[in-house]
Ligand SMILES: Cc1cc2nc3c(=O)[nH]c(=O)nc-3n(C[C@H](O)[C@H](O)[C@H](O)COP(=O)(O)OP(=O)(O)OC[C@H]3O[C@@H](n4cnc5c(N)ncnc54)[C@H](O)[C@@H]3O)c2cc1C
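Presented below, as structure tokens, is a lone chain in the form predicted alone.
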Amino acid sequence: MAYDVQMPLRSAAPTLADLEQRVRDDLACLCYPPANWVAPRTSPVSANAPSETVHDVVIIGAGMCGMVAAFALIGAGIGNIRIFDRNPAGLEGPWVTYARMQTLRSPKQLTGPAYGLASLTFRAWFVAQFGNDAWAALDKIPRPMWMEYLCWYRKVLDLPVENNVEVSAILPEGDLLRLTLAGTGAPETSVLCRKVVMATGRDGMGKPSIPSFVAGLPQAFWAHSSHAIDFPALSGKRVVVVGVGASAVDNAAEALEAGAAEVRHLIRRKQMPTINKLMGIGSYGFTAAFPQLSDAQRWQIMNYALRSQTPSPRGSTMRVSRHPNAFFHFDAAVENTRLDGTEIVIDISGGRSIRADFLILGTGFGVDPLARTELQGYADKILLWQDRFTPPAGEENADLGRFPYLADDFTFLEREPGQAPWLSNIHSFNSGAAASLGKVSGDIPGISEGASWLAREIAAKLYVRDFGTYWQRLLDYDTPELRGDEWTASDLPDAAPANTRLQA
């Protein structure tokens, strides 16, 4: 059975311009953007040099998370922000880089980053171009189309994204943070800010998971699913894919469609995972309650979900299985790999082995703050779940233990109080927040709730930090509501004699 995405034809009379006007009208009705209320700060570069601008917030990453975070912050009256993304415009996030599924797995009706505005939803954008009949016929959102929508989202909101700018280091400077910048789009070598939001996506608090069994294998013979892969070069080749999650299956499909001679999935599990457990309990209540659950309850949920493993979507799996030269091997854990001439020999549990020409690791991403180069020099001072919580016997999970144990405002906590107080100014608005705060900073369903939460917490911290300034604003405020010509003062009438009152 073929699994092809039918892209709808655009309307002969597109109304996207009308939708954009509707967005602008909606924003105007909501008084967006409001005036920036945050007291400005500057920092002297030296005694004889002009002061340096201090930005209120710098957002690292202009994918879906970074953009909705920016929209929320600007809407909260925090306008002195910068948004940096290391990729060229239109290539932010995974959607048209290493993501290889044909469609999103999320239901089409989810509102995603719309932040409560119907006119900003994918549905509104789609219907404006293709009509309601096409919307009714649409099953899942084609992946490239989702990226096209996000590009429109950025454009219609006029978000100040700066592309080709990489943040290579975040270091404390007094009570501020100095960010070292690199890349062809960097207008300066560093910037100062009060708060950093790491909207760095699925690998934003770690790195791709590379198993040790490829340590001795030349890089030309293997790739992780997040790497750039020359799929046409795999035509006629024997390909082995480790894993059976979404990324593993999508990469297997790409190899098969490129003409691979065969593709074999090596799967550690004895059975195919079939149920997406977290989808069964997703609700506003779950999103709101998760951070308030006990450590034991949060661990219980996350550990169960990770151990159950999220299955690959049905369509993606069938995209592979429709090929007669695709094979799923269960109870086949990889133990070692080695090169024999130009062949890869892959040793599998049970004393078995197979040979291949190329190996693809569909092993996902690991959460490990120590892997983040931006935090080099102090990542080991970040409090992790393994430092805070000891799970019951049988519930141990080393991967989950490496998640950062975050404060309620998405910021890092110190492993030892007083060793790195600046961590309270770095917000982990990415997949690394899932264990502490739930899935509100990476996945489509809860991203707007997460952004609202983030903006409220940052606004509160900025206000409390400079309370004296805002108190003085209250004292100094002297704009009169009344001009003095709205009334005339009158004398009270003479009081009547006491006996007159009694007679009356």
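Residue indices: 1-based, along the sequence shown. Only a predicted model underlies this, so the values are computations on that prediction, with no experimental measurement involved.
Keep in mind the form predicted in complex with the named molecule is missing from the figure; the text below concerns it.
Heavy atoms of no residue among 278, 301 and 436 are located within 4.5 Å of the named molecule in the model of the complex. The candidate stretches are 86-94, 340-348, 121-129, 207-215, and the one lying within 4.5 Å of the named molecule in the model of the complex by heavy atoms is 86-94. The listed set 105, 194, 224, 154 contains one residue whose heavy atoms approach the named molecule in the model of the complex to within 4.5 Å, identified as 105. 165 is the sole member of 165, 266, 382, 249 with a non-hydrogen atom lying within 4.5 angstroms of the named molecule in the model of the complex. When the named molecule is considered in the model of the complex, residue 74 lies well away from it, no heavy atom lying within 4.5 Å. The closest heavy atom approach of residue 240 to the named molecule in the model of the complex falls outside 4.5 Å. Among heavy atoms of residue 186, none comes within 4.5 Å of the named molecule in the model of the complex. Looking at residue 27, you'd find every heavy atom of it more than 4.5 angstroms from the named molecule in the model of the complex. For the partner-free chain shown, 199, 200, 201, 202 of 185-206 come within 4.5 angstroms of the named molecule in the model of the complex, judged by any non-hydrogen atom.
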